[in-house]
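Here you get one chain, nothing else, as structure tokens; it is the form predicted on its own.
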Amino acid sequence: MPNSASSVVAIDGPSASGKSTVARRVAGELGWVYVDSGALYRGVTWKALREGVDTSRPEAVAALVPRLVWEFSEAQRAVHFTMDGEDPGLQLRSEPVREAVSDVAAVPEVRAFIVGELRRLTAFGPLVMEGRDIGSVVFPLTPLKFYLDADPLERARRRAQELAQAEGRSDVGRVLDSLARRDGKDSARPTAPLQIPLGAQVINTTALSIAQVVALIVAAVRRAAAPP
């Protein structure tokens, strides 16, 4: 485990619980570097779909991973990456990737590889990292663990609003079904299932604004850093 684990804010939680927006703003408030761990899993998914790999076959996905060439960089206080020299960009958020990423993320070889890459990102400095197993698997020794959750319908409403802005369409019912499927897969997978990390502060964001959640986390981080 990296010695710099204490310089990592781990923000976990299910889809559309507010992790990404909150983590970005927390990183900005602290002057730390933001990392979206889910982007790496979506990257593998995007590459698999692009190369015609059947994402429902773990062995096929596992065979793809060693062939990928990743390059990481930091810009505007966030970590970015290319795969085989390409930046997948907004394709990481496409519907095919969203629907297949849970299957890809459940492959043990994928998780083992990405966990190793995430740990190496401490080379960029103190991190605010969001995902589903940051506090439980990637950096279990960090004292700065937070788990965000929200009512399923509220999460579906938020995600539908995001999709309407990005894709010009919105269907809360369809999004609710999609989130329920992903929650089930993420929680039931044998390797690193979605769970509340030991020692994490749980924050229900249903009735809270982004600013309120950010303020709670930043205050907790600063208290932890204050001399006794």
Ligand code: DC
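This structure is a prediction, so every number in the text was calculated from the model and none was measured. Numbering starts at 1 and follows the sequence shown.
The protein also exists as the form predicted together with the ligand; that form is not presented, and the subsequent description refers to it.
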property: Proximity of Thr142 to the ligand in the predicted complex, heavy atoms at 4.5 Å; result: no
property: Contact test in the predicted complex: Arg93 vs the ligand, heavy atoms, 4.5 Å; result: yes
property: Non-hydrogen atom contact Ala105 with the ligand in the predicted complex at 4.5 angstroms; result: yes
property: Arg182 within 4.5 Å of the ligand in the predicted complex, heavy atoms; result: yes
property: Which of 119 to 127, 80 to 88, 94 to 102, 148 to 156 sits within 4.5 Å of the ligand in the predicted complex, heavy atom basis; result: 94 to 102
property: Members of 173 to 203 lying within 4.5 angstroms of the ligand, judged by heavy atom, in the predicted complex; result: Arg182, Asp186, Arg189
